[in-house]
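Heads up, the chain below is alone and in the form predicted alone; it's given as structure tokens.
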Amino acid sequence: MIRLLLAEDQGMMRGALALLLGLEPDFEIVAQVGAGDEIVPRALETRPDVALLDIELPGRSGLDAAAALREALPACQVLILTTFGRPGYLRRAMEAGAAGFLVKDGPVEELAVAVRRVLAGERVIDPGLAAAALSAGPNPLTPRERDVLSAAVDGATVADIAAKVHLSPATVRNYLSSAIGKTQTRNRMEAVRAARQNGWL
């Protein structure tokens, strides 16, 4: 039996996914979680062979959880399953050690095949997304620029951002200016939007 952990914040989607995958004769759903910070503790309790993770999760993103899971339980293969097919997300998932990346709009049979393939040691990546990731190039933002833009998401002032990321307001302005230039936008909110659309945040 292939032991699966499902991480999806939408209860109905998680239940439907568990039901459909549970119909596969060689699959056993050993854990279901609705938040990113529940992934590693539940995986350590249940020892899944494959973890299917959404990206946008409360508590901790699926991408951050993927890296922590690969470190805590290296035998568990990670398959990212998301609505957000963004090239930057694919690149970050691969850097986090994910074995696969699929967009949720595919058929469940394709997902079952992907689970078996990642368990066999293969990488499984949505072909359209792979092509987009190659043409998009790497994330141009530094980790600090990403931190500052992430702190600016809700329209925070420079002083608020500085307090959140523990930098001086002048340094925050420099990082924002650099991020605006690299995203080829006119202001920080446009830079946030562009970075999100590319999966850089």
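Rigid core (definition): largest C-alpha set, two forms, superposition within 1.5 Å. We number the residues from 1 along the sequence you see. Worth saying up front: this structure is predicted, and the values here are computed from it rather than measured.
In what follows, reference is made to the form predicted in complex with the DNA, a form of this protein that is not presented.
- Query: Of Val158, Val40, Ala67, Ala31, which residue is found within 4.5 angstroms of the DNA in the predicted bound form when only non-hydrogen atoms are counted?
  - Reply: Contact residue from the list: Val158.
- Does Leu21 reach the DNA in the predicted bound form if we count a contact as any heavy atom within 4.5 Å? Flag for Leu21 set to no.
- Answer with yes or no whether Arg144 is in contact with the DNA in the predicted bound form, where contact means some heavy atom within 4.5 Å. Yes, Arg144 is a contact residue.
- Message: Within 4.5 Å, heavy atoms only: does Gln10 come near the DNA in the predicted bound form?
- Response: Close contact is absent here: in the predicted bound form, Gln10 is far from the DNA, nothing within 4.5 Å, heavy atoms only.
- Task: Would you please decide whether Val50 lies within 4.5 angstroms of the DNA in the predicted bound form, comparing each non-hydrogen atom pair?
- Result: No, Val50 is distant from the partner.
- Pick the stretch from 23 to 31, 56 to 64, 172 to 180, 40 to 48 whose residues have a heavy atom within 4.5 Å of the DNA in the predicted bound form. Going through the listed ranges, the match is 172 to 180.
- Query: With the core lined up, does the C-alpha of Asp160 move 2 Å or more between this form and the one not shown?
  - Reply: Comparing forms between this form and the one not shown, the Asp160 CA shifts at least 2 Å.
- Is the C-alpha displacement of Leu17 equal to or greater than 2 Å between this form and the one not shown once the rigid core has been superposed? Leu17: C-alpha displaced by less than 2 Å between this form and the one not shown.
- Message: Using a rigid core superposition, assess whether Leu176 undergoes a CA shift of 2 Å or more between this form and the one not shown.
- Response: Shift at Leu176: 2 Å or more after core fit.
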